[in-house]
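The chain below stands alone, shown as C-alpha coordinates; this is the form predicted alone.
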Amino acid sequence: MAEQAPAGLAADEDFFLIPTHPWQARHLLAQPGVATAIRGGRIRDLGQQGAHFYPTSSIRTLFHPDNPYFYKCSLNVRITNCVRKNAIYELEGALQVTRILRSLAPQLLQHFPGLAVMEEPAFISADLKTGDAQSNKAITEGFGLILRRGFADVLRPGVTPLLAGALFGNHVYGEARMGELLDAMQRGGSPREETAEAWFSRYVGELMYPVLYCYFAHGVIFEPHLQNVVIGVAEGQPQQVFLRDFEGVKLVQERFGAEQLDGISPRAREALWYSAEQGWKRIAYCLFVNNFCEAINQIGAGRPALQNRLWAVVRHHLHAYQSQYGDDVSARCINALLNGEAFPGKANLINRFFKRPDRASGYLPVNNPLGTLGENPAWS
(Lines give C-alpha, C1' and ligand atoms only; values in the text may rest on other atoms or scores of the structure.)
Protein backbone atom coordinates (compact mmCIF):
# COMPACT_ATOMS: atom_id res chain seq x y z
CA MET A 1 0.00 0.00 0.00
CA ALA A 2 2.90 2.33 0.67
CA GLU A 3 3.60 2.71 -3.06
CA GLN A 4 0.25 4.49 -3.40
CA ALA A 5 1.35 7.27 -1.04
CA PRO A 6 2.69 10.65 -2.16
CA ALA A 7 6.47 10.96 -2.21
CA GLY A 8 7.97 10.93 1.25
CA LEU A 9 4.88 9.89 3.16
CA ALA A 10 5.58 6.16 2.99
CA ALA A 11 8.73 6.73 5.02
CA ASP A 12 6.87 8.58 7.79
CA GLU A 13 6.83 6.06 10.62
CA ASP A 14 4.21 8.03 12.53
CA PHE A 15 1.50 7.19 9.99
CA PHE A 16 0.28 4.21 8.04
CA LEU A 17 -1.73 4.27 4.85
CA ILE A 18 -5.33 3.00 4.63
CA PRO A 19 -6.93 3.02 1.17
CA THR A 20 -10.68 3.66 1.18
CA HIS A 21 -13.41 3.34 -1.39
CA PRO A 22 -14.21 6.85 -2.72
CA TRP A 23 -17.84 6.55 -1.60
CA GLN A 24 -16.69 5.50 1.85
CA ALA A 25 -14.14 8.33 2.03
CA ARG A 26 -16.97 10.85 1.68
CA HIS A 27 -18.90 9.05 4.42
CA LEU A 28 -15.90 9.02 6.76
CA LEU A 29 -15.08 12.67 6.23
CA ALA A 30 -18.58 13.53 7.44
CA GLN A 31 -18.09 11.68 10.74
CA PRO A 32 -17.40 13.99 13.74
CA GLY A 33 -14.75 11.67 15.18
CA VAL A 34 -12.82 11.64 11.90
CA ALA A 35 -13.14 15.42 11.49
CA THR A 36 -11.77 15.92 15.01
CA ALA A 37 -8.87 13.56 14.30
CA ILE A 38 -8.01 15.44 11.11
CA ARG A 39 -8.03 18.79 12.90
CA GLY A 40 -5.81 17.33 15.63
CA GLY A 41 -3.33 15.90 13.14
CA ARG A 42 -4.03 12.24 13.99
CA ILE A 43 -5.43 11.56 10.50
CA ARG A 44 -4.26 13.07 7.23
CA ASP A 45 -6.68 13.21 4.33
CA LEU A 46 -4.52 12.58 1.26
CA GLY A 47 -7.32 12.80 -1.27
CA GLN A 48 -7.14 10.66 -4.39
CA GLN A 49 -3.72 9.13 -4.96
CA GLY A 50 -2.05 6.42 -7.00
CA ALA A 51 -3.27 4.19 -9.78
CA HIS A 52 -6.90 3.70 -10.75
CA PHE A 53 -8.53 0.63 -9.19
CA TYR A 54 -11.61 -0.97 -10.68
CA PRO A 55 -14.79 -2.02 -8.84
CA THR A 56 -15.74 -5.68 -9.05
CA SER A 57 -19.30 -6.99 -9.01
CA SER A 58 -19.76 -6.20 -5.32
CA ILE A 59 -18.94 -2.50 -5.96
CA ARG A 60 -16.88 -2.22 -2.79
CA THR A 61 -14.16 -4.74 -3.66
CA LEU A 62 -11.52 -3.10 -5.82
CA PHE A 63 -9.05 -4.58 -8.30
CA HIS A 64 -5.87 -3.55 -10.06
CA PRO A 65 -4.18 -6.00 -12.46
CA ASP A 66 -0.72 -5.29 -11.03
CA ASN A 67 -1.73 -5.56 -7.38
CA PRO A 68 -1.40 -8.97 -5.68
CA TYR A 69 -4.55 -8.36 -3.62
CA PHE A 70 -8.11 -7.27 -4.08
CA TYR A 71 -9.09 -4.54 -1.61
CA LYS A 72 -12.38 -5.32 0.11
CA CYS A 73 -13.41 -1.93 1.47
CA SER A 74 -16.08 -0.97 3.95
CA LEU A 75 -19.08 0.72 2.40
CA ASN A 76 -21.82 2.18 4.58
CA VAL A 77 -24.45 1.53 1.93
CA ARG A 78 -27.20 -1.07 2.19
CA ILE A 79 -26.91 -3.36 -0.82
CA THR A 80 -29.45 -6.21 -0.91
CA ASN A 81 -29.78 -7.30 2.73
CA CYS A 82 -26.82 -5.71 4.47
CA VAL A 83 -24.99 -2.47 5.11
CA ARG A 84 -21.71 -3.42 3.49
CA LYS A 85 -19.29 -2.26 6.13
CA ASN A 86 -16.58 -4.56 7.44
CA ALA A 87 -17.71 -5.09 11.02
CA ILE A 88 -14.97 -5.77 13.56
CA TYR A 89 -16.11 -9.37 13.98
CA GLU A 90 -15.94 -9.83 10.20
CA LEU A 91 -12.35 -8.57 10.15
CA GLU A 92 -11.47 -11.17 12.79
CA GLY A 93 -13.53 -13.86 11.07
CA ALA A 94 -11.74 -13.43 7.74
CA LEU A 95 -8.41 -14.27 9.35
CA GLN A 96 -9.84 -17.22 11.28
CA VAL A 97 -11.40 -18.74 8.15
CA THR A 98 -8.12 -18.22 6.29
CA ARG A 99 -6.25 -20.13 9.01
CA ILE A 100 -8.73 -23.02 8.87
CA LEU A 101 -8.68 -23.28 5.09
CA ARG A 102 -4.89 -23.12 4.99
CA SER A 103 -4.84 -26.15 7.28
CA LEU A 104 -7.19 -27.96 4.88
CA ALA A 105 -5.43 -26.80 1.71
CA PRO A 106 -3.16 -29.84 1.16
CA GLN A 107 -6.12 -32.23 1.41
CA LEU A 108 -8.35 -30.08 -0.78
CA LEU A 109 -5.65 -29.70 -3.42
CA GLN A 110 -5.13 -33.45 -3.49
CA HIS A 111 -8.83 -34.18 -4.01
CA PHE A 112 -9.78 -31.12 -6.07
CA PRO A 113 -6.81 -29.75 -8.03
CA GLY A 114 -9.04 -27.34 -9.95
CA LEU A 115 -10.13 -25.52 -6.78
CA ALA A 116 -8.57 -22.29 -5.57
CA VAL A 117 -9.77 -20.54 -2.43
CA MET A 118 -9.20 -16.78 -2.44
CA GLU A 119 -7.74 -16.28 1.02
CA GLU A 120 -8.25 -13.15 3.10
CA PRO A 121 -5.00 -13.20 5.08
CA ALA A 122 -4.89 -9.67 6.50
CA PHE A 123 -6.88 -6.57 7.33
CA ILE A 124 -6.07 -3.02 8.28
CA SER A 125 -8.08 -0.34 10.07
CA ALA A 126 -7.77 2.48 12.61
CA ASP A 127 -8.53 2.61 16.34
CA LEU A 128 -8.46 6.18 17.62
CA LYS A 129 -9.06 5.19 21.26
CA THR A 130 -10.93 8.40 21.95
CA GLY A 131 -12.80 7.04 24.97
CA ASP A 132 -16.10 7.07 23.07
CA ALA A 133 -16.71 3.38 22.38
CA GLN A 134 -19.47 3.94 19.83
CA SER A 135 -17.45 6.46 17.85
CA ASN A 136 -14.36 4.26 17.96
CA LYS A 137 -16.33 1.27 16.68
CA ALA A 138 -17.86 3.27 13.81
CA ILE A 139 -14.44 4.58 12.77
CA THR A 140 -12.74 1.17 12.98
CA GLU A 141 -15.48 -0.45 10.92
CA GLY A 142 -15.56 2.50 8.52
CA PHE A 143 -11.86 2.23 7.74
CA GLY A 144 -11.80 -1.59 7.85
CA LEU A 145 -10.09 -2.97 4.75
CA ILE A 146 -9.64 -6.70 4.03
CA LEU A 147 -6.95 -7.97 1.67
CA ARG A 148 -8.13 -10.76 -0.61
CA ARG A 149 -5.73 -12.94 -2.53
CA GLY A 150 -5.46 -12.13 -6.22
CA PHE A 151 -5.12 -14.47 -9.18
CA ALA A 152 -1.41 -14.01 -9.85
CA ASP A 153 -0.14 -17.14 -8.12
CA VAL A 154 -3.13 -19.45 -8.62
CA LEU A 155 -4.31 -18.87 -12.20
CA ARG A 156 -3.09 -21.57 -14.56
CA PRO A 157 -1.42 -20.50 -17.83
CA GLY A 158 -3.93 -19.68 -20.52
CA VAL A 159 -6.89 -19.59 -18.12
CA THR A 160 -9.23 -16.59 -18.03
CA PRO A 161 -11.25 -15.94 -14.85
CA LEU A 162 -14.95 -15.19 -15.44
CA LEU A 163 -17.50 -14.38 -12.76
CA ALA A 164 -20.29 -16.98 -12.71
CA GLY A 165 -22.81 -14.15 -12.38
CA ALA A 166 -21.49 -12.56 -15.59
CA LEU A 167 -22.25 -15.78 -17.48
CA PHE A 168 -25.49 -16.92 -15.89
CA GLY A 169 -27.03 -13.76 -14.43
CA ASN A 170 -26.25 -11.10 -17.00
CA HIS A 171 -29.09 -11.59 -19.48
CA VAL A 172 -28.18 -11.13 -23.17
CA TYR A 173 -24.54 -10.30 -22.40
CA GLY A 174 -24.07 -13.49 -20.40
CA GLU A 175 -25.89 -15.50 -23.03
CA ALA A 176 -23.59 -14.13 -25.74
CA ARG A 177 -20.45 -14.89 -23.69
CA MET A 178 -21.71 -18.39 -22.92
CA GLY A 179 -22.29 -18.93 -26.63
CA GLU A 180 -18.68 -17.91 -27.35
CA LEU A 181 -17.41 -20.44 -24.80
CA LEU A 182 -19.47 -23.26 -26.32
CA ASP A 183 -18.26 -22.30 -29.82
CA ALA A 184 -14.66 -22.48 -28.60
CA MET A 185 -15.25 -25.88 -27.01
CA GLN A 186 -17.19 -27.47 -29.87
CA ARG A 187 -15.11 -29.91 -31.87
CA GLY A 188 -15.68 -31.90 -35.05
CA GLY A 189 -19.29 -30.93 -35.62
CA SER A 190 -20.51 -32.48 -32.37
CA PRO A 191 -24.13 -31.54 -31.56
CA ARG A 192 -24.47 -28.29 -29.68
CA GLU A 193 -26.49 -29.90 -26.90
CA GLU A 194 -23.77 -32.46 -26.26
CA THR A 195 -21.23 -29.67 -26.01
CA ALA A 196 -23.47 -27.81 -23.56
CA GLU A 197 -23.85 -30.93 -21.42
CA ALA A 198 -20.10 -31.56 -21.39
CA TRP A 199 -19.39 -27.93 -20.46
CA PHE A 200 -21.93 -27.92 -17.66
CA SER A 201 -20.71 -31.27 -16.36
CA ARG A 202 -17.17 -29.91 -16.02
CA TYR A 203 -18.50 -26.88 -14.19
CA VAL A 204 -20.66 -28.90 -11.78
CA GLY A 205 -17.77 -31.26 -11.09
CA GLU A 206 -15.28 -28.49 -10.38
CA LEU A 207 -17.66 -26.60 -8.06
CA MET A 208 -20.02 -29.00 -6.33
CA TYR A 209 -17.60 -31.64 -5.09
CA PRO A 210 -15.32 -29.36 -3.00
CA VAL A 211 -18.26 -27.36 -1.63
CA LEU A 212 -20.04 -30.50 -0.44
CA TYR A 213 -16.81 -32.05 0.81
CA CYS A 214 -15.88 -29.01 2.89
CA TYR A 215 -19.32 -29.06 4.49
CA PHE A 216 -19.81 -32.78 5.11
CA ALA A 217 -16.20 -33.72 5.88
CA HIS A 218 -15.02 -30.58 7.69
CA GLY A 219 -18.00 -28.45 8.71
CA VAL A 220 -16.97 -25.48 6.55
CA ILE A 221 -19.95 -23.76 4.92
CA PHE A 222 -19.19 -21.92 1.71
CA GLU A 223 -21.68 -19.55 0.09
CA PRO A 224 -21.34 -20.54 -3.60
CA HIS A 225 -23.81 -18.16 -5.19
CA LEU A 226 -23.14 -16.56 -8.56
CA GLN A 227 -21.19 -13.60 -7.20
CA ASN A 228 -18.88 -15.72 -5.04
CA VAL A 229 -17.83 -18.17 -7.77
CA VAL A 230 -15.28 -17.37 -10.47
CA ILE A 231 -14.82 -19.85 -13.32
CA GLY A 232 -11.40 -20.25 -14.93
CA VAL A 233 -11.86 -21.11 -18.60
CA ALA A 234 -9.40 -22.18 -21.28
CA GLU A 235 -10.39 -23.09 -24.85
CA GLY A 236 -13.95 -22.49 -23.74
CA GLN A 237 -13.92 -25.15 -21.01
CA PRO A 238 -14.04 -24.74 -17.22
CA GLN A 239 -10.58 -25.63 -15.90
CA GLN A 240 -10.63 -24.04 -12.44
CA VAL A 241 -13.10 -22.75 -9.89
CA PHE A 242 -12.28 -19.94 -7.46
CA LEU A 243 -14.29 -19.53 -4.27
CA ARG A 244 -14.22 -16.11 -2.67
CA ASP A 245 -15.70 -13.87 0.05
CA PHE A 246 -15.06 -15.14 3.57
CA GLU A 247 -17.81 -12.92 4.93
CA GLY A 248 -20.17 -15.61 3.66
CA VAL A 249 -18.15 -18.59 4.96
CA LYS A 250 -19.53 -20.09 8.18
CA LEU A 251 -18.56 -22.99 10.45
CA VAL A 252 -20.76 -25.77 11.79
CA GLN A 253 -20.82 -25.14 15.54
CA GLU A 254 -20.88 -28.83 16.36
CA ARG A 255 -17.52 -29.18 14.57
CA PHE A 256 -15.80 -25.99 15.75
CA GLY A 257 -16.15 -25.41 19.47
CA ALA A 258 -15.03 -22.36 21.42
CA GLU A 259 -11.71 -24.01 22.25
CA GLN A 260 -10.93 -24.34 18.53
CA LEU A 261 -11.74 -20.68 17.93
CA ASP A 262 -10.13 -19.24 21.05
CA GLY A 263 -8.03 -16.78 19.04
CA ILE A 264 -11.01 -14.57 18.20
CA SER A 265 -13.57 -12.66 20.23
CA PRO A 266 -16.85 -14.24 21.39
CA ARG A 267 -18.72 -11.94 18.98
CA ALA A 268 -16.66 -13.18 16.05
CA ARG A 269 -17.26 -16.80 17.08
CA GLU A 270 -21.00 -16.21 17.25
CA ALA A 271 -20.96 -14.70 13.76
CA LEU A 272 -19.10 -17.71 12.33
CA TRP A 273 -21.23 -20.40 13.97
CA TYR A 274 -24.12 -21.98 12.10
CA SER A 275 -26.02 -25.11 13.01
CA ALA A 276 -25.64 -28.05 10.64
CA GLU A 277 -29.20 -27.46 9.40
CA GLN A 278 -28.57 -23.76 8.77
CA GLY A 279 -25.41 -24.66 6.92
CA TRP A 280 -27.08 -27.19 4.64
CA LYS A 281 -29.89 -24.80 3.75
CA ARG A 282 -27.35 -22.10 2.93
CA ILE A 283 -25.35 -24.40 0.66
CA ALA A 284 -28.39 -26.00 -0.97
CA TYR A 285 -29.90 -22.61 -1.75
CA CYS A 286 -26.70 -21.04 -3.09
CA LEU A 287 -25.55 -24.06 -5.07
CA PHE A 288 -28.75 -25.49 -6.54
CA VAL A 289 -31.12 -22.50 -6.68
CA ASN A 290 -28.98 -19.39 -7.03
CA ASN A 291 -26.25 -21.03 -9.11
CA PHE A 292 -27.28 -24.17 -10.99
CA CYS A 293 -30.87 -23.05 -11.65
CA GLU A 294 -29.56 -19.87 -13.25
CA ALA A 295 -26.88 -21.71 -15.21
CA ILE A 296 -29.35 -24.27 -16.55
CA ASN A 297 -31.85 -21.56 -17.44
CA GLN A 298 -29.13 -19.68 -19.33
CA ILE A 299 -27.55 -22.62 -21.14
CA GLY A 300 -30.87 -24.33 -21.93
CA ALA A 301 -32.92 -21.19 -22.62
CA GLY A 302 -36.08 -22.08 -24.54
CA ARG A 303 -35.15 -25.79 -24.72
CA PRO A 304 -36.92 -27.73 -21.95
CA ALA A 305 -35.45 -31.05 -23.07
CA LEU A 306 -31.92 -29.70 -22.73
CA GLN A 307 -32.73 -28.24 -19.34
CA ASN A 308 -33.88 -31.68 -18.18
CA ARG A 309 -30.65 -33.18 -19.47
CA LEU A 310 -28.64 -30.57 -17.56
CA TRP A 311 -30.51 -31.42 -14.37
CA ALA A 312 -29.64 -35.04 -15.11
CA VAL A 313 -25.99 -33.92 -15.07
CA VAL A 314 -26.51 -32.58 -11.55
CA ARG A 315 -28.19 -35.82 -10.52
CA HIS A 316 -25.31 -37.85 -11.94
CA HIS A 317 -22.73 -35.82 -10.00
CA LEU A 318 -24.69 -36.11 -6.76
CA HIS A 319 -24.61 -39.89 -7.13
CA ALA A 320 -20.91 -39.75 -7.99
CA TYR A 321 -20.08 -37.50 -5.04
CA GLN A 322 -21.85 -39.80 -2.61
CA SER A 323 -20.14 -42.84 -4.08
CA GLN A 324 -16.68 -41.28 -3.87
CA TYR A 325 -16.78 -39.09 -0.75
CA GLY A 326 -20.10 -39.63 1.00
CA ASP A 327 -21.03 -40.75 4.49
CA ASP A 328 -24.29 -41.35 6.35
CA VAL A 329 -24.89 -37.63 6.89
CA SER A 330 -24.35 -36.71 3.25
CA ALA A 331 -26.48 -39.68 2.18
CA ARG A 332 -29.51 -38.29 4.03
CA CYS A 333 -29.17 -34.84 2.47
CA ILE A 334 -28.35 -36.02 -1.03
CA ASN A 335 -31.00 -38.75 -1.11
CA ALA A 336 -33.61 -36.20 -0.08
CA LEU A 337 -32.66 -34.05 -3.07
CA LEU A 338 -32.59 -37.03 -5.45
CA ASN A 339 -36.06 -38.01 -4.25
CA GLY A 340 -37.39 -34.57 -5.12
CA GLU A 341 -37.48 -32.82 -1.74
CA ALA A 342 -37.98 -29.11 -2.39
CA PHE A 343 -34.91 -26.91 -2.64
CA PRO A 344 -34.69 -24.18 0.02
CA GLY A 345 -35.27 -20.75 -1.52
CA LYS A 346 -33.88 -17.90 0.55
CA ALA A 347 -36.53 -15.25 1.31
CA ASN A 348 -34.27 -12.31 0.53
CA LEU A 349 -37.02 -9.78 -0.07
CA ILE A 350 -38.57 -10.46 3.34
CA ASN A 351 -35.14 -10.21 4.94
CA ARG A 352 -34.50 -6.92 3.19
CA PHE A 353 -37.89 -5.50 4.15
CA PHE A 354 -37.43 -6.23 7.85
CA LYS A 355 -33.65 -5.50 7.80
CA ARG A 356 -32.90 -8.84 9.41
CA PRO A 357 -29.38 -10.23 9.63
CA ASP A 358 -28.50 -12.83 7.04
CA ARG A 359 -28.39 -15.66 9.60
CA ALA A 360 -32.08 -14.96 10.38
CA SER A 361 -33.09 -15.71 6.78
CA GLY A 362 -36.17 -17.81 6.24
CA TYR A 363 -36.47 -20.26 3.36
CA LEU A 364 -39.38 -21.07 1.07
CA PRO A 365 -39.80 -24.31 -0.92
CA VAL A 366 -38.61 -24.21 -4.52
CA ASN A 367 -39.49 -26.89 -7.07
CA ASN A 368 -36.77 -29.53 -7.37
CA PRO A 369 -36.75 -31.33 -10.74
CA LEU A 370 -34.20 -33.94 -9.66
CA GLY A 371 -36.86 -36.33 -8.38
CA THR A 372 -38.78 -36.42 -11.66
CA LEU A 373 -35.87 -37.45 -13.90
CA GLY A 374 -36.14 -41.15 -13.16
CA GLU A 375 -33.34 -43.58 -12.51
CA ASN A 376 -32.03 -43.54 -16.08
CA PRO A 377 -31.11 -39.94 -16.88
CA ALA A 378 -30.39 -38.89 -20.43
CA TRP A 379 -26.83 -38.00 -19.52
CA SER A 380 -24.28 -40.41 -18.10
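The model shown is predicted, which means the values in this text are computed figures rather than measured ones. Start at 1 and count along the sequence shown; that's the residue number.
Only in words, not in the display: the form predicted together with a small molecule, which the text now covers.
K.L.:
Though the small molecule is not shown, can you say which of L226, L261, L212, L243 has a heavy atom within 4.5 Å of it in the predicted complex?
P.N.:
Exactly one residue meets the criterion: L226.
K.L.:
Going by heavy atom distances of 4.5 angstroms or less, which of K281, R309, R269, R148 would be at the interface with the small molecule in the predicted complex?
P.N.:
After the contact test, the surviving option is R148.
K.L.:
Contact with the small molecule in the predicted complex for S265, defined as at least one heavy atom pair within 4.5 Å: yes or no?
P.N.:
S265: no contact with the small molecule in the predicted complex.
K.L.:
Is there a heavy atom of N290 no more than 4.5 Å from a heavy atom of the small molecule in the predicted complex?
P.N.:
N290 belongs to the contact set for the small molecule.
K.L.:
Should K250 be classed as touching the small molecule in the predicted complex when contacts are defined as heavy atoms within 4.5 Å?
P.N.:
It does not: once the small molecule is placed as it appears in the predicted complex, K250 has no heavy atom within 4.5 Å of it.
K.L.:
Using a 4.5 angstroms cut-off on non-hydrogen atoms, would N67 count as touching the small molecule in the predicted complex?
P.N.:
Residue-level check for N67: no, no contact with the small molecule.
K.L.:
Among the candidate stretches 128-136, 212-220, 106-114, 80-88, which one is within 4.5 Å of the small molecule in the predicted complex when only heavy atoms are counted?
P.N.:
One stretch meets the cut-off, namely 80-88.
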